[in-house]
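Just the one chain here, laid out as structure tokens, in the form predicted on its own.
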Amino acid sequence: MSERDGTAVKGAELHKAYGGVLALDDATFSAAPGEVHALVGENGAGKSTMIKSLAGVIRPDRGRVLIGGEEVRLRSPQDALRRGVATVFQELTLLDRMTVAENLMFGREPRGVGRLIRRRDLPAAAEKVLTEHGVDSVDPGELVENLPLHQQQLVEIVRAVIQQPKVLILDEPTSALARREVEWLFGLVRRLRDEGTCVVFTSHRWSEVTDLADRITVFRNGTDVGTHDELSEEDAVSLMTRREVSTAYSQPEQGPERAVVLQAEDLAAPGLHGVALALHAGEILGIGGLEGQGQQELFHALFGLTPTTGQLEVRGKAKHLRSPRDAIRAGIAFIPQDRKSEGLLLSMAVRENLTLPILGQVAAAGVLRPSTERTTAEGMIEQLHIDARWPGQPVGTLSGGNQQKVLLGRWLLADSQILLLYDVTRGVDVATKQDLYSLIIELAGEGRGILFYSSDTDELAHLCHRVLVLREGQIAQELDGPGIPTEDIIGAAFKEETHA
């Protein structure tokens, strides 16, 4: 069957259910050649299922997928790629134990006599491809597993683009990228659009949607609820949630000076050089700077994940954190960037993930008390408004925002008073972000000390009492807030001089 309606890709009245969970409910999405089309909605609204249907990852229960106006039956992502659809998924698909060059040039390897692969030529070929696409920060000979997440994302994007697809699908492509890398990506997308490529992308950062998209389609509860040429953030959130949600930042109260709960002097570790900081009770202390300037290393050091030198005090007492266990015993909790691989046990229940650090409190004589564990978990699920059907639901089936709430809830049950929050809103929808902002401010209001890193400079500017800008593993500048001008944080990241 042919449907020549000027569309590059289309999912028509798609329906997909997983057991009792309806992921797509007769949803339709259509994008045209030479346009950038944003697909937005809350986590769990059906965006990812629509994308996976168009990319050949899953087969819908019913409905039609069309590419270039022709109805197709996609059996795999390779099948979709042969038809001109390339996808960069939020969960990266690079092979960790292979080099950048091997990943990038897979299927395009330089060959010699007898069509044998010339392995020695792989790095040079990959470097040429990266340079042609404006990427000069990635070593083509490095193993992918050794690259930071943002560099893996760059490689994944370039690998898709060099396939010269007619349709390029980008699922949360900026979630791990620094501002300069986002600008690089936007320039690439605009060039592809001008060349006639259809680009479909999702993002939870509304400024990116308005900057880049020619059209916007909103999804809610597994179906499309409208396509628009222009849409305000407030109207979009209302369409996503059926409720009015203010997208303005709630700013934390500037309370009286409180006791220092975490203090570091001359803290050094791989990637850190003599960092000094003081975190007060009730304070949200932001950590800013360009990507890869020591932010992650600082959080790892404060959670006992890497060996350190220098002085560290927790509530006025000297501490030497040799492991995360030491940090947890000191009342320090860490929520990492990659919640799925570093924070949660995806196959285990929400209940089990929540109570993991307090098993001694829900057991008697070393034997788990299921009723106590269930009651404890239910209380936290209710308190944080975690959208789980029941406490025994596998945490891996929750949306990204609700998974993040489970991680926060875990440490609230453990009564951790120092929270290290590392990019906790990454990959979280607009409405859930507001919930997390309110929760973070509420936790600070209860007297917890919060160290807060975000790849979104606006969050640092509006949510934090102070921001420490890191550059090359040192504190370049301290800025007082809340309400710090965003340009001040960005400007401090580029300053040559550092200030102790």
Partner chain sequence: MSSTAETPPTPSRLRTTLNPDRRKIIYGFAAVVALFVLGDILKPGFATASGIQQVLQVSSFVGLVAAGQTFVILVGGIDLSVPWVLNAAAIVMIAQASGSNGQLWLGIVVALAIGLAFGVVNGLGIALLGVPAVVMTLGMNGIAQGLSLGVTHGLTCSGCTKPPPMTLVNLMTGKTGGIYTSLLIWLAVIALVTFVLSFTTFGRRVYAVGNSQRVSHLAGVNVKVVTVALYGLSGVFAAMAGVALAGFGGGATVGMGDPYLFQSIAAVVIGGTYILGGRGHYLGTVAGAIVLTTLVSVLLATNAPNYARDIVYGVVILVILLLYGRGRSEA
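It should be emphasised that the depicted structure is a prediction, and the values quoted were computed from it without experimental measurement. By rigid core we mean the largest C-alpha set that fits within 1.5 Å across both forms. Numbering follows the first chain given and starts at 1.
Omitted from view is the form predicted together with its partner chain, to which the following refers.
For the chain shown alone, G44 is a contact residue for its partner chain in the model of the complex, at least one non-hydrogen atom being within 4.5 angstroms. The closest heavy atom approach of L344 to its partner chain in the model of the complex falls within 4.5 Å. Its partner chain is not shown here, and in the model of the complex it never comes within 4.5 Å of any heavy atom of R73. Heavy atoms of T355 reach within 4.5 Å of its partner chain in the model of the complex, making it an interface residue. Heavy atoms within 4.5 Å of its partner chain in the model of the complex belong, among the stretches 277-285, 167-175, 417-425, 362-370, to residues of 362-370. In terms of contact with its partner chain in the model of the complex, the residue from V225, I328, A268, V161 that brings a heavy atom within 4.5 Å is I328.
In summary, among the residues H320, R389, R258, K128, the only one with a non-hydrogen atom within 4.5 Å of its partner chain in the model of the complex is R389. Taking its partner chain as positioned in the model of the complex, the residues of 297-324 that bring a heavy atom within 4.5 Å of it are, in sequence order, H300, F303, L305, P324. Once both forms are fitted on their core, a CA shift of 2 Å or more is seen for W390 between the shown form and the other one. Comparing the forms between the shown form and the other one on their rigid core, the Cα displacement of G400 reaches 2 Å or more. The rigid-core alignment places the CA of I169 less than 2 Å apart between the shown form and the other one.
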